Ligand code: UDX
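Okay, so here's just one chain, in structure tokens, the form predicted alone.
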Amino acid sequence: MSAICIVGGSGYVGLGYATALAELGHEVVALDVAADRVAALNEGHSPIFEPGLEELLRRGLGSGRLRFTTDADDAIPGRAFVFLCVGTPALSNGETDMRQVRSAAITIGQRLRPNQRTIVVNKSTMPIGSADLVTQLLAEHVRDGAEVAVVANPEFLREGAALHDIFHPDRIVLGASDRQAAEAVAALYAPLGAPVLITDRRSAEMVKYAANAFLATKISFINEVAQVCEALGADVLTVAEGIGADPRIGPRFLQAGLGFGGSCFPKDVGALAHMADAAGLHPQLLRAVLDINLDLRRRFVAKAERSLDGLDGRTIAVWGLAFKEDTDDLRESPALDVIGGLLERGAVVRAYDPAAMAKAARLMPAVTMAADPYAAAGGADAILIVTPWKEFAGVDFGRIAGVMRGDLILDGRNLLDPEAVTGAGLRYAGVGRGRTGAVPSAILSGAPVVSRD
């Protein structure tokens, strides 16, 4: 078992790996600059909503193998491994903000002990070549006699299923110029039984960006197909099932709806596009993936406006605020853009989310937060489903019909059973579900078609 420091140990990635590595039997000290979060974590309270995380946190604290600190002089010296898990947010031009990485690398280098080997593990998502940057910064600040190696070890975690993904990884990717260092990191993960890919550092960094860009592309592709389905009378759910049965394509990430959000896909696709631009390339596909994703939100608001003959003065219930279910993360959430569009058009918005309302209330003071889906629906002209929480599929639509003023449900995630909704006397509209008689006659006749948005 190893002595490990997690730098950035109160964030999504850092906290997940800190608790998991302690669970695997390692001695883990998590370092963070946020004193309030560190204090809460040492008391067993997670600042992040993630299924199973708080239970694992308390078990690690109780075992004595996990603790949190703001003191770098306490956390770093003498550790065999230092995981770099700090934030790498996007700048306005898509470039990655590396200030936290630079600061952390300097902090680490200044505190490494002479005559001891330390392996620094780049876990944050960083641009291609960042392992070289961290190596350089460490070399500039390390004390004489200290030996250090840098391994790129990207994470592939899904918010809402992060702990499952840590303990049941599809693969472990390690990039290193020092094979022995890579194998030492691989040994930390050996109990998980996952295949290990050891490669050069830049290829390992690129794996993360390419994986997220490909998944985001699948999502934007099926959403583009959904728009065509809706216009021409096809059902995107059937289409997705049909193409997903092809093993070359597969069924995952073919759920049409309001697209992707969160801290990874938008940021990573944008960063990869920026890197391609900087290399003199023309990343057409990556730009289109992002454009399609943002356009989905505008179209959804426009659909609500058409369906209600205007939004000014209408009361709209929004079900779901987090960017996906089983998290309270609002970063790049479709709900933010959808609600912004509703408010701009004069709508009154009441919202409900099982986990994200406290955060959302601070960002959207004009929105009324409701106690449950029924309270949000009371007196509403329409309900817009933005986040696919399972709770929403199980509501009593007869009761919903009784409390609404209107009768429209716009399902932005194709979560509901349309028959359950219409059986309660409500109108249902999903995404890409087609409509009868939608095929323009000009298509069948071969005449030119004028595109209308």
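In case it trips you up, residue 1 is the first one in the sequence shown, and so on. Keep in mind that what you see is a predicted model, and the values were worked out from it rather than measured.
Separately, the form predicted in complex with this ligand exists; it is not shown, and the next lines address it.
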- Message: Please determine whether T315 contacts this ligand in the predicted complex, using a 4.5 Å cut-off between heavy atoms.
- Response: no
- Query: How about R413: is it within 4.5 Å of this ligand in the predicted complex, going by heavy atoms?
  - Reply: yes
- Task: Indicate whether P373 is a 4.5 Å heavy atom neighbour of this ligand in the predicted complex.
- Result: no
- So, in the predicted complex, is G259 in contact with this ligand at a 4.5 angstroms heavy atom limit? yes
- Item | Interface stretch in the predicted complex with this ligand - options 154-162, 356-364, 176-184, 228-236, non-hydrogen atom within 4.5 Å | 154-162
- Ok, T107, T88, S130, Q255: which has a heavy atom sitting within 4.5 Å of this ligand in the predicted complex? Q255
- Between the options L342, I219, L188, A273, which residue brings a heavy atom to within 4.5 Å of this ligand in the predicted complex? I219
- Note on the structure: Looking in the predicted complex, the residues of 289-323 with a heavy atom no more than 4.5 Å from this ligand, listed in order, are F323
